[in-house]
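One chain follows as structure tokens, the form predicted on its own.
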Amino acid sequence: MLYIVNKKGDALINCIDTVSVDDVILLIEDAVYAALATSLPSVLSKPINGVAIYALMPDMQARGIDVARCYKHIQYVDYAGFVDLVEHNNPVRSCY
């Protein structure tokens, strides 16, 4: 399953509480802020066993987020990569 998350906070936490092995999380819009590595532990500070986490690069760029400041286990996709994730991970669930 592909989980598309557009906000950090409750939407992301609820998503993480329901994911299973082989699921995929895609952070879009304001959820890309969750990719930022912080000094305090966050819900994405460690990899989730068997779950791939992606962030949409155009949304990161629009918010001035540099990949070098993000968690190393997060992968990045452009719009074509977003389409590929949707195409290859069915069903898709939006978490808002």
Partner chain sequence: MKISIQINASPYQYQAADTAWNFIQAAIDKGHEIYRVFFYHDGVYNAHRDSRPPGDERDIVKRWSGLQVEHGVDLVVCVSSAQRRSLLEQSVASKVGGYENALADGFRIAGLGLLMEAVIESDRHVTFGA
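Residue numbers count along the first chain shown, from 1. Because the structure is a prediction, the values reported are computed rather than measured.
The protein also exists as the form predicted together with its partner chain; that form is not presented, and the subsequent description refers to it.
Although the partner is absent here, residue 52 sits far enough away that none of its heavy atoms falls within 4.5 Å of its partner chain in the predicted bound form. Contact annotation: residue 28 falls within 4.5 Å of its partner chain in the predicted bound form, judged by heavy atom distances. Residues of 62 to 85 placing a heavy atom within 4.5 Å of its partner chain in the predicted bound form, in sequence order: 63, 79, 80, 82, 83, 84.
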